[in-house]
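Just one chain follows, in the form predicted alone, and it is written as structure tokens.
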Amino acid sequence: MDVQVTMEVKERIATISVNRPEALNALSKDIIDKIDEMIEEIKRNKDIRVLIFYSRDNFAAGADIKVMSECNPRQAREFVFTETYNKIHDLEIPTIAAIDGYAFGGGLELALTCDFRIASKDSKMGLTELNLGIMPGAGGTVRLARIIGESRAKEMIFLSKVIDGVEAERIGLANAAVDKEELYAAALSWAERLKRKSGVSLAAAKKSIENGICITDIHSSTNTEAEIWASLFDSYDQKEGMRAFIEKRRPEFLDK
């Protein structure tokens, strides 16, 4: 059988790719299970500093509708990708979705789990599940509203609206929109910049941002931020970063 999902690790940057061109890289349960295994491997491999999701021509056209069409509620629950997507969301390292071609349904929901989205200008993305008599079920109704706001999320989901990369950048769904031939290089450029940061402080900042989103009370969330910030002063990277600043040199972080 053809390998439908691969992971390449090069210079501390991991790239996960779906290879199912005949189905526009639609996501199956088998593919998600394999991605889940890769995420567990990344969590164990402390040498990996950044994760990129990139698939040639199409990011992921969505979940496999033919497989889902006759599901009952119990079977549909088994088809949910939420557990794996939450693992991606919870990774301590930065994650980037490089979106080319189609990113619909579960494909866009995969991109929403990432910290950053870089899209080709002519890519097409949307949560079009209402056209099928269902709704997004892998974090789409939750994460999209967090990223672009409630009203715009409702517009995209209720109207099954499809937008291109340029519009995605305009509304804040994508961090950048680039020409198709520059897409992966742009994602790599971001990854190269990110991997030079302290892994300790990146993980702390990511945790604090998530905490601030989840805890709506400003006093609780900012107090927690202060605690996380202060805890960094027990790390090697904090000492190295500040000494390097004082000594006017580039820091050499050890992620500890």
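We number the residues from 1 along the sequence you see. Since this is a predicted model, take the numbers as computed values, not measurements.
Below, we refer to the form predicted together with a small molecule, which is not included among the displayed structures.
Could you tell me which stretch in 89-97, 147-155, 73-81, 168-176 has residues with non-hydrogen atoms within 4.5 Å of the small molecule in the predicted bound form? Going by heavy atoms within 4.5 Å, the stretch is 73-81.
Looking at A244, V9, L232, A23, which has any heavy atom no more than 4.5 Å from the small molecule in the predicted bound form? The option sitting close enough to the partner is A23.
Considering non-hydrogen atoms and a 4.5 Å limit, which listed residue (V200, L51, I31, A61) is close to the small molecule in the predicted bound form? Of V200, L51, I31, A61, the residue with a heavy atom within 4.5 Å of the small molecule in the predicted bound form is A61.
Y184: touches the small molecule in the predicted bound form, heavy atom cutoff 4.5 angstroms: Judged by the heavy-atom cut-off of 4.5 Å, Y184 is well away from the small molecule in the predicted bound form.
Is A138 close to the small molecule in the predicted bound form, meaning a heavy atom pair under 4.5 Å apart or at it? A138 belongs to the contact set for the small molecule.
So in the predicted bound form, is the small molecule close enough to E129 to count as touching (4.5 Å, heavy atoms)? Yes, E129 sits close enough to the small molecule in the predicted bound form that at least one of its heavy atoms falls within 4.5 Å.
Partner contact for L159 in the predicted bound form: the small molecule, 4.5 angstroms, heavy atom: Contact check for L159: no, nothing within 4.5 Å of the small molecule in the predicted bound form.
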